[in-house]
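Coming up is one lone chain in structure tokens, specifically the form predicted alone.
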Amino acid sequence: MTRRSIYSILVALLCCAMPVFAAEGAPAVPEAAVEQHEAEHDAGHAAAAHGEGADAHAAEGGHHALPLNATPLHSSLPISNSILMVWLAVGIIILFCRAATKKMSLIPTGFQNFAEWAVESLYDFLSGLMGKHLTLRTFWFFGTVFFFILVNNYMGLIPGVGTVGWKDEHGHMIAPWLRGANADINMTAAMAFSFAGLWFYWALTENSVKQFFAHIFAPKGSFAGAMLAVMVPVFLFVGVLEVISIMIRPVALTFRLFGNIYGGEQTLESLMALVPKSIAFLPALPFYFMELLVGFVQALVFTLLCAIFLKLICDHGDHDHDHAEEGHH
């Protein structure tokens, strides 16, 4: 990678961060962030009036809790602190890819060796699950999603993310400058529903419209006569349940990833608030290493579930197809 390329990427990242540091001297608090903070503060007082647990505790002067929603950084542009984090993560992935492919060689070393090992390991893992044909066709999506989620999960654990930002005159946090991307439900929903769209496209093109609906509603097995008359309504009812299940899966993917990452970051902040600031890192340190494992597991689980959903809806019992391909290769 040339110096010009590195400078171009760094300048692009700096431009992405400009909304945060656009003020003279110390960065000013965006009006949108203040409005959101006041709304959450009022909601906290309302919860306190009704004695509702965590919100009541926060309203009564308890520790800073990670807001449920990402904080807008501009009143007119749709930019939040989680979007800024996404741009930084994408920049890091681009820099890594450029470094890994700078000097390609038949005997890989350094970044190229690590990148090939990581990509080939994930590819072989998905091939064992979906078969070579589906993996070859869809790996661009699954590989991108896995590494994107993994990098964002780990970037959300960098000290200062979610805890450094604008404060009021009493030293209470108004809004963090950066927020873990997967701790924003908009990000996890975008990935889950993007997969849902591709899921239907791949399912229809791998089978056909007729086979797609037959896979869901048609009786499985050989039936005739009275037994067929009995089984048809049964499988129609099962098909309706399957359609409901298909509609729920993107929602489940969204909340599973968001809940695990948001809950982990919330737990770390709560533990740090139990002791004085000078030793705040100590209670959270064991859980910090656990969150490193959780970050990897959640990236793998999201990718694995998407792959299983795709395999199930594309599976028409033709196992000989993959075996024939494997024998051919």
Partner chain sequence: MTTLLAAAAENPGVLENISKTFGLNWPFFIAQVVNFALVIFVLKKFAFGPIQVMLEQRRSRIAEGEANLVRIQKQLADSEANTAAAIAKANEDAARLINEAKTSAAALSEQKAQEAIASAQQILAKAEAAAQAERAAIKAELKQEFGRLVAATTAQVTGKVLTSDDQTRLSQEALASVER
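Keep in mind that this is a model prediction, so the values were computed, not measured. Positions refer to the first chain, counted from 1.
Beyond what is shown, the protein has a form predicted together with its partner chain; the following relates to that form.
Looking in the model of the complex, is its partner chain within 4.5 angstroms of a heavy atom from every one of 90, 101 and 143? Yes.
I need to confirm a contact call. Of 193, 217, 125, 154, which residue comes within 4.5 Å of its partner chain in the model of the complex, counting heavy atoms only? Of 193, 217, 125, 154, the residue with a heavy atom within 4.5 Å of its partner chain in the model of the complex is 193.
Tell me, out of 209, 97, 229, 240, which residue has a non-hydrogen atom within 4.5 angstroms of its partner chain in the model of the complex. Exactly one listed residue reaches within 4.5 Å, namely 97.
Report whether the minimum heavy atom distance between residue 251 and its partner chain in the model of the complex is within 4.5 Å. Looking in the model of the complex, residue contacts with its partner chain include residue 251, since a heavy atom lies within 4.5 Å.
Does residue 205 reach its partner chain in the model of the complex if we count a contact as any heavy atom within 4.5 Å? Residue-level check for residue 205: no, no contact with its partner chain.
Contact with its partner chain in the model of the complex for residue 235, defined as at least one heavy atom pair within 4.5 Å: yes or no? Result no; residue 235 lies far from its partner chain in the model of the complex.
Although the partner isn't part of this model, could you tell me whether residue 150 comes within 4.5 Å of its partner chain in the model of the complex, counting any heavy atom of the residue? No, residue 150 sits far enough from its partner chain in the model of the complex that none of its heavy atoms falls within 4.5 Å.
Counting only non-hydrogen atoms, choose the one of 221-229, 169-177, 154-162, 134-142 that falls within 4.5 Å of its partner chain in the model of the complex. Correct option: 134-142.
Contacts with its partner chain in the model of the complex - residues in 109-137 whose heavy atoms fall within 4.5 Å: 112, 115, 116, 119, 120, 123, in sequence order.
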